[in-house]
Ligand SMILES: Cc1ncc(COP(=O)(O)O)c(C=O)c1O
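Heads up, the chain below is alone and in the form predicted on its own; it's given as structure tokens.
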């Protein structure tokens, strides 16, 4: 197996923002699985990389945006396991001055350092990424490759996500996770224990998650919260940044601003609103994504907002 099935530590959270002493919150530190392929990306790539190797593919091709955790993870996995990698990037404006793009965008710079070939396309063309004509165009341009979808979600990715939980996690009443494409919550719902409820915190304005989860499992023990996205995907506010920094100062746990920061903010808010019953035990999944902090801080500085520590 190229990527092992590692188990993560569950860390108890002691945070002054939580106003109820009768609730226990733990974070599963999936962000510590691997130095460059962390969190849910490690899980999603585990069986996809194995499948690519079994099918004798030499190249991995995938899609993503300006600060994509998935692009960075695929690039790192390709270098570690000797695959060529191609990233189809949303936004042809990045191609106008490649030197400046690599200098100012840490995700692109890191991916290029991992030998990923970055192909920048217009947003109009990018919207065609799941169509047969665009796939045929990519095959003609790049030759044979193993396709990994945007965000990494497919059947093999969900299979990897199912390995997050272990027998000890049966003690929790709630499982919580941030959502981007719906793959991670799908794997958690599939592997959750009978008495558990899975809480999903959307990082974007979207209502497709129910359908996305139903593609992978018939279980219905989940609830989705769409009111903690802070405006839209990729958007943050000063309130969120202050929360993330306070949380890190008190717990030593870093949170990314796109996914886990919004999830933990939502969980704390629900605790203080008495959503959870007395003595409830919550396990939040830290899905990584910390590589995006540097790029976000560049944006925040331009807006004269506080940066993430």
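Numbering follows the first chain given and starts at 1. In this text the structure is predicted, and so the values were computed from the model without any measurement.
Beyond what is shown, the protein has a form predicted together with the ligand; the following relates to that form.
Visitor: Taking 178, 182 and 287 as a possible spot, do all three reach the ligand in the predicted bound form with a heavy atom inside 4.5 Å?
Guide: Spot residues vs the ligand: full contact, yes.
Visitor: With the ligand left out here, work out from 100 to 108, 150 to 158, 167 to 175, 130 to 138 which stretch has heavy atoms within 4.5 Å of it in the predicted bound form.
Guide: Checking each option against the 4.5 Å cut-off leaves 150 to 158.
Visitor: Taking the shortest heavy atom distance, is residue 63 within 4.5 Å of the ligand in the predicted bound form?
Guide: Heavy-atom contact with the ligand at 4.5 Å: absent for residue 63.
Visitor: So, in the predicted bound form, is residue 43 in contact with the ligand at a 4.5 angstroms heavy atom limit?
Guide: No - in the predicted bound form, heavy atoms of residue 43 and the ligand never come within 4.5 Å of each other.
Visitor: Using the partner position in the predicted bound form, report whether residue 69 sits within 4.5 Å of the ligand, counting heavy atoms only.
Guide: Contact check for residue 69: yes, within 4.5 Å of the ligand in the predicted bound form.
Visitor: Listed by sequence position, which residues of 206 to 230 have a non-hydrogen atom within 4.5 angstroms of the ligand in the predicted bound form?
Guide: The stretch 206 to 230, when checked against the ligand in the predicted bound form, contributes no residue at the 4.5 Å heavy-atom cut-off.
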